[in-house]
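Coming up is one lone chain in C-alpha cells, specifically the form predicted on its own.
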C-alpha cells in the first residue's frame, strides 16, 4: 500500500496495529475527484459502497478518482493527495492516465458494481498494509518545483513569478532562497529594510518596527564590483540618486541599490538628515515622529480602497477545483476586502479544447467524444450532435423516435435539477435536503421507463416541502441578483436571484415529469448515417442549464468544423456580477445558484 504509515518492527505492538488497521479499513472517507457531482452523474452511491464523503483532503483517507480527467485536474488531485494523512490510498474508476498520482491501490469500472468491488479490495489493503516498516514518500510535482517570490517589505505578498510588489513596488525576492546564486559568507549578518542601522548576527525581528530582518548584502565573503554606486529609497524604489541622502517623498535614508553601500558599515552618527523643517536631525523623518512608528499613510500608500472609502490590505483566496458545495473542477480566485468580495477570477480545471483535428472527425467519434466531455449531461450533448448531423444531411427524424429522445432528455434534465438541489443543500449546510435530492437524482438516472411512475410521489413531495420551507426563501432572497443581464438564459430569467432560481428549478422538476409522461418512453440517441454527405447543420437542445447550440459542417461524411455554444460558457462572466461586494458566504451561494458546469467551459 503506497500511502502506509511507517511503524517500528516491534512484535509487542503488532496486535495493536492489526486492531487499528482493521478499524481504519471500516472507516473509509473519500475525497472525490473531480467532485461528488460527477460521482452522482455517473450513478455512484458512495454510502452504499461503504464510503463516507470527506469535506477535504485532511479528513480523507481515500482519493477516489473518476476517469478520464485532463492534466490540470490530475495536478490538483496530486496536491490534494499529498495533503492527506497516512495511511491513504488511491481508488481509480474508469480508464485513463493518472500521472502524476502514484499507482492506484484499487481499480474498477465506473459503475456501482465496479465501485463496490474496488472498495472491497481497498479494505483488504488497509487491513493488511496500513502500517509498514518501510514506506514510500510522495511529493506532488506541483509542490516540488514551485518557487515562490515575496516582498521584503510585505512578506504576505507571495507570487509564483518574479516581479514587483503591488503594495510598495519593491522587487520580489525568492522566498527561502537566494535565487540560485552562490554566496560565501564569513559570518552572515541581518538587517532591517526599514532601519538599516539595525544589525544582528541572527535572524529575527527589528526592535524598532517589528519587521523580519533580512540578510545584509555586505562584504562578508561577497565580491561586489560597482562601476558607479546608486542609491534608492526602500519605500519608493523609483527614487534613484548617485549620492547618499534622503528620499524627497518620505524623508527616509537612501540605501545603495542592490547593496549596503559597498563596505558593509554604516556610521549613522555622522549622517546628516535634513527634514521638511530644514533642521538637521540624527534620525529619519519617520523616526522623528516616533521611534519604531510607521505612518499609516505610508503603510497603505498604493493599496486599493474599500467600498467605505478606507484603504485596506486585500488578500487573494483560491476556492476549488475540489471545494465542497461548488461543481467539481470549477476554480474561483477571490480578492477579499475583509469578508467582502472585491474581485474574482473564475475558470475551469476540466475544460478542454473543442478544436477538431486536421481532416476532421468521423461522426461516431465526434458524438461519443462530446458525450464523454460533458460529464454532467452526456445525453443532452449526444442528442445535440445527432440532431445537428441530421440537419446537415437533411434527415427528418421519425416522430416516435424523436419523442423517445425527448423522454431521455427530460429524464437527464430532471436528474440534473435534483443534482443542483443536492449541491445547494451542501452549500447551505442542509444535509437532509442534500441526501434526499442526491438519492432521487441517482434513482432517476438509473430508472427504467416503467419505474419512473413510482418516483413521482417522492419527487412531488420533495418539491412541495422545499416550496414550503421558509428558511430557504429567506436565506436565498436577494443573493446573486441579475438585473437586466441579457446573457442569462438559464432558469429564472433576467432580474432573478438565488431564491427565484430555486423556484424555477422546482417548476422545472414538475415540467420534466410531465414531459416524461408525455414521451411515454426513453431512447438513447444514436449517430445517424451520413456517409459521403456534405453540408451545414444547426441544432438547439434545451439542457437543464439553458439552451445549447451546435453548428457543424460535413464534408464527405466527416465533420470538418463545429461551433458549440453552451449555457455555462455564456454564464461564466456573470460570476463577477453576482459576487461583487457580496460577503464571502453569500458569494459562494450565489455562484452555486448559477448552476455552472465546468465541463461546458471552453479551454
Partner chain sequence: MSTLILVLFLLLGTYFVAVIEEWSVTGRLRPAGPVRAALRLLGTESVLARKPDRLFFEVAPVLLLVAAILSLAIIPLAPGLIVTDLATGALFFNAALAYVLVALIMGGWGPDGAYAMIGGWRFLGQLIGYAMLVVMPITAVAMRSESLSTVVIVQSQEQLWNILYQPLGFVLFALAGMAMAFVPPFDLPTGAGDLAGGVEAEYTGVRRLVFRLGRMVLILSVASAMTVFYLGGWLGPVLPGWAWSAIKILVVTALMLAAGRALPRVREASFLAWCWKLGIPLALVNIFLVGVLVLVVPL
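Numbering follows the first chain given and starts at 1. Note that the structure is a prediction, hence the values are computed from the model and not measured.
Note that the form predicted in complex with the partner chain isn't included here; everything after this is about it.
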item	value
The unique member of 399, 357, 532, 470 whose heavy atoms fall within 4.5 Å of the partner chain in the predicted complex	470
Contacting member of 457, 431, 394, 520, with respect to the partner chain in the predicted complex [4.5 Å, heavy atom]	431
Exercise: residue 475 in contact with the partner chain in the predicted complex, heavy atom 4.5 Å	yes
Partner contact for residue 549 in the predicted complex: the partner chain, 4.5 angstroms, heavy atom	no
The partner chain contact at residue 366 in the predicted complex, heavy atom, 4.5 Å	no
Partner proximity in the predicted complex: residue 580 to the partner chain, non-hydrogen atom cutoff 4.5 Å	no
Joint contact, 20, 58 and 339 to the partner chain in the predicted complex, by non-hydrogen atom at 4.5 Å	yes
Listed range touching the partner chain, judged in the predicted complex by heavy atoms within 4.5 Å, from 368 to 376, 85 to 93, 510 to 518, 405 to 413	85 to 93
Sequence-ordered list of residues in 589 to 603 near the partner chain in the predicted complex, where near means a heavy atom within 4.5 Å	none
